[in-house]
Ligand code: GLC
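Let's start with one chain on its own, the form predicted alone, as structure tokens.
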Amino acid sequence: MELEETIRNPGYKDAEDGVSAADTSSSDTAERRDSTAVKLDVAADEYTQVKPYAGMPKEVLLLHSSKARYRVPREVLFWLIVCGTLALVAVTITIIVMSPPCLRWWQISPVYQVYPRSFKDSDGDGIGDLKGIKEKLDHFLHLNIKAVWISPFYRSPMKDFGYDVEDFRDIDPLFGNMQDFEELLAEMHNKGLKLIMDFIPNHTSDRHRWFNLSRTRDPHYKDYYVWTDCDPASPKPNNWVSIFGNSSWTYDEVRGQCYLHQFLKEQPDLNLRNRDVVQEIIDLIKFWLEKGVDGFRMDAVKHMLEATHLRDEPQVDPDMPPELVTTEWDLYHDYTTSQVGLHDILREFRAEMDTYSREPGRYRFMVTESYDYEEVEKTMMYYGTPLVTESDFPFNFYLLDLPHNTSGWWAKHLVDLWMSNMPRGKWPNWVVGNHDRSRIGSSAGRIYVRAINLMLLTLPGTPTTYYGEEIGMENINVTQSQIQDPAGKYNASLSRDPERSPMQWNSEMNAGFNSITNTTWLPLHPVYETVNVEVQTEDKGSVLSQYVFLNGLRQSELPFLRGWFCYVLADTNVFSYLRELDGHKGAYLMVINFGKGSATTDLSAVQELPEQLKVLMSTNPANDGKVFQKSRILTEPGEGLVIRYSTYTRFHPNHPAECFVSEKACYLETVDILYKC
């Protein structure tokens, strides 16, 4: 028969016993089935008794893992992990949502103004320069200052010491070259410093290429400046007056018209109603932002636009003969300042700067300069609107008037002039000196320098320090023959040279300003041997040491940067205020005597203050650590006290009309964090 694979022959019989293959197959199958059943039963019996062990087969693992004592802990751990993860995510989101915005670098650090001609001379020509600034960068680190504003160093004929710009894209050889600037900027950034440039959008020098093309009526540049027809014999299209005095108009023989200059005749005003001019300015801003500068101080912004009708401005004294109108104080400047459209242009500048602020840590700062005097509401407009940002803040010049009446009442009035008019939530700032105003040590008096620095560094917002104020420099005396300032050459009483004398670094030749030759562009102050950086660094009770201490306190203690500012008392002599933060136990009380005599201040009516108050720092070092009863706080003329006390009782809830806060936050002491409240 034919055999096939895997096919049995059921008819086959064993030769010996005669058993057929079919019977054998059936018997084997039955045996195998019985054997398997027995083995499975045995295994099942063994699985119920054997404990879990390493390397156990899957069947044993599954058998034990389903038992409650293993299953329940596993499920508990799983849900704990899920809940913990969700809680962590929720806490993270809460912290992000509740955390107040981080303060920017221009809020944390004071701004320090460098007048480059007078800061440090590196080449012996008697004029400060960019390399000189680079040599002294460690001074800013010692002061704990991160923001440095440098007055103009563009190429310029120097008719107004750099504010008459011949080329916005070049450095004047007096100060160095572009490589010097780039090296200075790189070194500043390496040290964590920020550079703020002075920028002049209102006018140029009469040597600028644009002006020369405009006066020849080049088709593209003919309207880059403000021109009008006038009589060459009497070039006065109207009664507008320059800041430096006399008519704002000068006849140009090349063009045969008059051009407008709100400053010197060598500083013709740009026509910012011409869109090409605005774009040129924006391109200049981009040029320096590409270089890496961190911000701009926009100069003389209120003068950027003028009324197109060119009408006479109204006289302050209507009875004054028109020919006697020769100073800016003789007119109401209704047509030459703060014109409609001004803020739109500034917002364009701001928008361009914002495109460069997207990189973390590279925010580009903008501050505007506008002396609006009693018209404070005009100054506040430079903050912008709730929807559109303009400048980060406009310079606050009201404390420059402090010497007019040194008293507690007057100090509070000047502070409140800003705080009560500032838009809600905006950041304040304070200026007590600059290159256009007398040094505070000379105008207010030497005894008030320390007290004014104390107030500057403990008020809310950003303080600005003019070079030398940190050591109490004073004005110099300048004779008629020594006058360098163009304004002083027109009128000696208007000279700004006295507040621009060389920086006093040490007791050596030229006060360390120029250590190469015996030359300085202005005379040194005669007291430089005792009033200088080197001497005061070694003296722990000096003006400089107190400045460093106060600035460190301001930046390290939360109530100063984040907390409430509240008026406590103001009288003939004393101005007192406090700084506190919700949730923070520590608070600070400042008591400053701006009067002419000693004062005893009684604060017993202030229930939120403890009975005893310990002085953390006095501008008179002998009083450091002294303890006063709050009903008898003694101060001498020009003395300021910083008093630290501990309490959770806050002053501001009971005195809302006396208190202000900008970057509001609360402190949670248990976990040491700030949160929105």
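Sequential numbering from 1, following the sequence displayed. Treat the numbers as computed from the prediction; the structure is a model and nothing was measured.
One more form of this protein should be noted, the form predicted in complex with the ligand, which is absent from this view; the next part is about it.
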Given that the partner is absent here, state which listed stretch (375-383, 526-534, 261-269, 207-215) has heavy atoms within 4.5 Å of the ligand in the predicted complex. 261-269
Partner proximity in the predicted complex: residue 293 to the ligand, non-hydrogen atom cutoff 4.5 Å: no
Applying a 4.5 Å heavy atom distance criterion, does residue 435 contact the ligand in the predicted complex? yes
Find out whether any non-hydrogen atom of residue 369 is located within 4.5 angstroms of the ligand in the predicted complex, and reply yes or no. yes
With the cut-off set at 4.5 Å between non-hydrogen atoms, does residue 163 touch the ligand in the predicted complex? yes
Work out which of 302, 579, 500, 364 lies within 4.5 Å of the ligand in the predicted complex, going by heavy atoms. 500
Only one of 450, 120, 203, 439 comes within 4.5 Å of the ligand in the predicted complex by heavy atoms, so just point that one out. 203
Within 4.5 Å of the ligand in the predicted complex, do we find a heavy atom from each of 244, 297 and 496? yes
